[in-house]
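The chain that follows stands alone, in the form predicted alone, written as structure tokens.
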């Protein structure tokens, strides 16, 4: 079968520890990147770029940040959207108040600002865990949007609380078209995903997983629980902050604090659960699933109603979407807790042994 690794030998420790040790995986990733960077901007319509692909990439980055915290470090959080809000409004204020600030530096500074806020709200993780920690992080979800509304400085004293982002200009190029914004977001997401993949394979990533599996045993072998947990909150919030900045600058163009509500946090959490907890690829699979599912449901429900001659009441489609999302969460928690990433891993294992039984 084409996926077998017969004849592929590792002659050094470096080759054995490569991110993609199998040549088929490397070729597949290269083809996906070529398709994403060259084919999609040429052939995809503005609607697909603006309404589907850009939000998919932004939510993938936010889900990746949450997955680093919840999947690898084992710390529950329900404040993802709040940290995205910090990133969005921080980037806006850096661009507004610091003359000649490059937009990429503003994105980095927005992530650092969100990381500092995430560390502050991660302090309760030093004493509590599990659902109690999730409730503690829920405070960020209510406090941060409230603060952004009440303190007018963050929104430049906008009467409505809505901010309009500045034009995105990098090295003289104005990213004003959907294809350019898509390429910007794709480039940032690819770089940060590569960083995350290497991070979870480092000493820090192993420390996160040790704390996740048994923090007492991790402390016995010399891992600093305080340092490890706070770094996990900081790194996760950094990713969410950058995602929030891209959400404002590359996707919406104008945002308000109420747009980063609890519903958005739960959507990102669903992406992690469905895609696969503790998996970099799972963050992308979950984001793709949650982003595309409403579109397919709209098409399917409307087509089914037209065939049956039914007239649907207003809002019925959104109710069905919520029911489907809830059912899928229950399904994956019962049938495959590790999500779509585990199903893909099982598929690859079967391909490596086909046609022999497994």
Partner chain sequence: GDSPDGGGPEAVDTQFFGVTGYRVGPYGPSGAPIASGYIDYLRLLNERDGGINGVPVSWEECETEYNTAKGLECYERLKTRNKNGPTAIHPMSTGITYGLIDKAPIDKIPLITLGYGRTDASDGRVFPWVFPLMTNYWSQASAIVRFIAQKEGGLSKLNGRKIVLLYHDSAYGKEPHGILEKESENLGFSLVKIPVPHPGNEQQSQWMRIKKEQPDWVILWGWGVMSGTSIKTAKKIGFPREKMVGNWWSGAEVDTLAAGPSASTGYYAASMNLSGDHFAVVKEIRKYVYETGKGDDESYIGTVLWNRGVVQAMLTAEAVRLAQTKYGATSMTGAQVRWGIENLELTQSKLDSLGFGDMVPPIKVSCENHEGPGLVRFQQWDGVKWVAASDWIVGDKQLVRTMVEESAANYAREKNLTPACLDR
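Positions refer to the first chain, counted from 1. In this text, all values refer to a predicted model and were calculated from it rather than measured experimentally. What we label the rigid core is the largest C-alpha set whose atoms superpose within 1.5 Å from one form to the other.
One more form of this protein, predicted together with the partner chain, exists but is not displayed; see below.
Judged against the partner chain in the predicted complex with a 4.5 angstroms heavy atom cut-off, the residues 26, 93 and 112 are out of contact without exception. Contact with the partner chain in the predicted complex, judged by any heavy atom within 4.5 Å, is made by just one of 174, 162, 104, 98: 162. Proximity to the partner chain in the predicted complex, taken as a non-hydrogen atom within 4.5 angstroms, holds for one residue of 108, 252, 183, 285, which is 252. At the 4.5 Å threshold, heavy atoms of residue 39 stay clear of the partner chain in the predicted complex, well away from it. Proximity of residue 156 to the partner chain in the predicted complex falls within the 4.5 Å heavy atom cutoff. Looking at residue 33, you'd find every heavy atom of it more than 4.5 angstroms from the partner chain in the predicted complex. For residue 233, no non-hydrogen atom is located within 4.5 Å of the partner chain in the predicted complex, even though that partner is not displayed.
Residues 47, 50, 51 are the members of 47 to 65 with a non-hydrogen atom no more than 4.5 angstroms from the partner chain in the predicted complex.
Superposition of the core reveals a Cα shift of 2 Å or more for residue 322 between this form and the one not shown.
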